[in-house]
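The chain below stands alone and is given as structure tokens, in the form predicted alone.
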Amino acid sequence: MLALHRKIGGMVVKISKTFINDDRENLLEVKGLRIWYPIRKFLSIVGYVKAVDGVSFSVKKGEIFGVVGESGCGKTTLGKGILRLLKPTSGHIYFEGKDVARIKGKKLKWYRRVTGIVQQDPYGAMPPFMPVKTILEEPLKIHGVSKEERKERVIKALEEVKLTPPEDFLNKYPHMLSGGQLQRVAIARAFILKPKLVVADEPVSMLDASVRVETLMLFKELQKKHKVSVIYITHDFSTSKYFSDRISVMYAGHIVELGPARKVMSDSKHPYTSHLIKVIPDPDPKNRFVFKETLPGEPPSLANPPPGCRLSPRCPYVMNICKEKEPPMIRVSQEQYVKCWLYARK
């Protein structure tokens, strides 16, 4: 590992650059990724919102990788940064061994073709003045697919997301579709270029409870059929448990725990993960009067995070070192990692 220093605005940031081996199982490797939003006062930058601050993980080929955390923890910023919809402040994004963190022009256009996104709000994600046919054809046109093939792919994409018969939906506008139908169009658009990686940012949180499971099952069916890797961003631990192969838990711009989905759910290590799992709604009517204890206080401001561990002001197990130094990511079992001094000191 090589320690580098980079000047960002008026601040000098230490960057850990890791030279990775060519792991053929990994489609994506994120190393020390930082995405900071500048805070401006008049024409000067007076600080940064550290939405993603030194995040590292990998996604295997054909894997569903869950990113779980409460609102404002940096999940969506992380997903947009990986897709290069946001420019990273520092760090590396290796896709099939190529660093795409700072690519431009034709190389970025290539990356757009092999990646896709399903956004949280299907109404906000669709141009209201375009019919479904044009919405699905647009990415194909941009990437030079012939007119005959475009028509065939649009019909097939609608059939795959079970909007049948496809001819009934081609000329409909977004406002003519239900939320569930429109999200299926969004899923079809994400898969129509046959990508290798899809970022699904809260893909069912805007839908009625009655269609969430059906939509997730459809998404997983397409993921298996096309052997696509998926980054599943959500605040809902209960769906991530069943949908994801591995889960990472984000808090205040950091990943604090990472491991196989069932392992994290059944044997969580980080205090924050444990409290998130405790407050999952329980459908058992016997528990309707059971008080679910949550962590005290509020998440820290990402413009001025606390020193040391970012959970330290709220953590019931806080120690002096937690308030002084940021904990390292510790391997606690074969595939489970946790960012906490409780395990680093053992």
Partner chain sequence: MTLVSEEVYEKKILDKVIDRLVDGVAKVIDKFKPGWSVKNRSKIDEWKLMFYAFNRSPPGLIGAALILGFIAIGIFGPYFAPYSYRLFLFIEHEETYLVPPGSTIVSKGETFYFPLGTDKYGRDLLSLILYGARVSLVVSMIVIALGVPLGIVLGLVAGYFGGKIDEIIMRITDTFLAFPALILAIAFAAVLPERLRPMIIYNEQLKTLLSIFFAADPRDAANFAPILSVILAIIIVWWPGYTRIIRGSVLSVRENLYVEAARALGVSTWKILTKHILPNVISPVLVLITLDVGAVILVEAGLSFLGLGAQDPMIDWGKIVFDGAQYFPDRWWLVLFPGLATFLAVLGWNLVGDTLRDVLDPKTRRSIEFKVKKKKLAATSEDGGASQ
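Fair warning: this is a prediction, and the values are worked out from it, not measured in the lab. Numbering follows the first chain given and starts at 1.
In what follows, reference is made to the form predicted together with its partner chain, a form of this protein that is not presented.
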task = Flag Lys162 as yes or no: does it have a non-hydrogen atom within 4.5 angstroms of any non-hydrogen atom of its partner chain in the predicted bound form?
result = no
query = Is there a heavy atom of Tyr242 lying 4.5 Å or less from a heavy atom of its partner chain in the predicted bound form?
reply = no
task = Decide whether His235 counts as a contact residue for its partner chain in the predicted bound form under a heavy atom distance cut-off of 4.5 Å.
result = no
message = Can you tell me if Gly144 lies within 4.5 angstroms of its partner chain in the predicted bound form, counting non-hydrogen atoms only?
response = no
request  = Could you spot which one of Ala261, Leu177, Val154, Ala101 gets a heavy atom to within 4.5 Å of its partner chain in the predicted bound form?
outcome  = Leu177
request  = Heavy atom within 4.5 Å of its partner chain in the predicted bound form: which of Gln119, Thr215, Gln223, Thr77 fits that? Just give me the one.
outcome  = Gln119
Stretch in contact, per heavy atom within 4.5 angstroms of its partner chain in the predicted bound form, of 227-235, 166-174, 88-96, 242-250 = 166-174
ask   = Quick check: do Met126, Phe129 and Lys133 each get a heavy atom within 4.5 Å of its partner chain in the predicted bound form?
value = yes
